[in-house]
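First comes one chain, alone, set out as structure tokens in the form predicted on its own.
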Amino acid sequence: MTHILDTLPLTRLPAPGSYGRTGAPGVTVALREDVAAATLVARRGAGVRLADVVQARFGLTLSDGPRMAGDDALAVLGTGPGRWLTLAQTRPGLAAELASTLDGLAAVTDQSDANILFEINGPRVLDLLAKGATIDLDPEVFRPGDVAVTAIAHVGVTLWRPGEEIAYRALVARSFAPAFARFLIAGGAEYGIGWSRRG
């Protein structure tokens, strides 16, 4: 009998479509390759001023912990002490804008081509992620706005919960995205997977 993994490419992302159980999908996954991303690392002694400028210019609060501020249009995620990941769907020149605005306050590195964003939703999303996650994603523990730099199915991810609904976003290095996709489809086949790509 053919296993679903035997039908998936090893080094490419799967084609859009439905995988596993037929009917309404228990999990939907949308791959986003059109999201601008950049890392911010505060210069020594510039953390307070950096936070003030980001708040004034972008209306976002830089958290000292693993928290998200903003929305799909523009978000900043705390990923470590003095480190943040910024994401934007409507600012293709995000890194250049940040570098200009935050000159002298932070080191800015464009990550737009280095990563792929997975939007993971649906009534069985927790069941699927629990198969590979190394952290507790129970909604009472991993709350809206929480961020984790972790591993899922041995793949490094930046994972966050953007809102009240039980849905997650995972940013994965482009070279590991096919392996992460194989985990999602194979792990979610019993629930049915609706797979799409944008950008």
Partner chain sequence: MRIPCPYCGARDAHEFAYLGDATVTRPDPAAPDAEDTFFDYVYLRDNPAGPHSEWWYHASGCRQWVRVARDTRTHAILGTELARKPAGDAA
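Residue numbers count along the first chain shown, from 1. Given the structure is predicted, the values throughout are model-derived calculations rather than measurements.
What comes next is about the form predicted together with its partner chain, which is not displayed.
- Its partner chain in the model of the complex comes within 4.5 Å of no heavy atom belonging to E165.
- Under a 4.5 angstroms non-hydrogen atom cutoff, its partner chain in the model of the complex lacks V141 among its neighbouring residues.
- Among heavy atoms of P66, some come within 4.5 Å of its partner chain in the model of the complex.
- In the model of the complex, at least one heavy atom of R43 sits within 4.5 Å of its partner chain.
- None of A170, L31, A148, V54 but one reaches within 4.5 angstroms of its partner chain in the model of the complex through a heavy atom, and that residue is A148.
- Residues L62, D64, G65, P66, G78, T79, G80, P81, G82, R83, W84 are the members of 61-92 with a non-hydrogen atom no more than 4.5 angstroms from its partner chain in the model of the complex.
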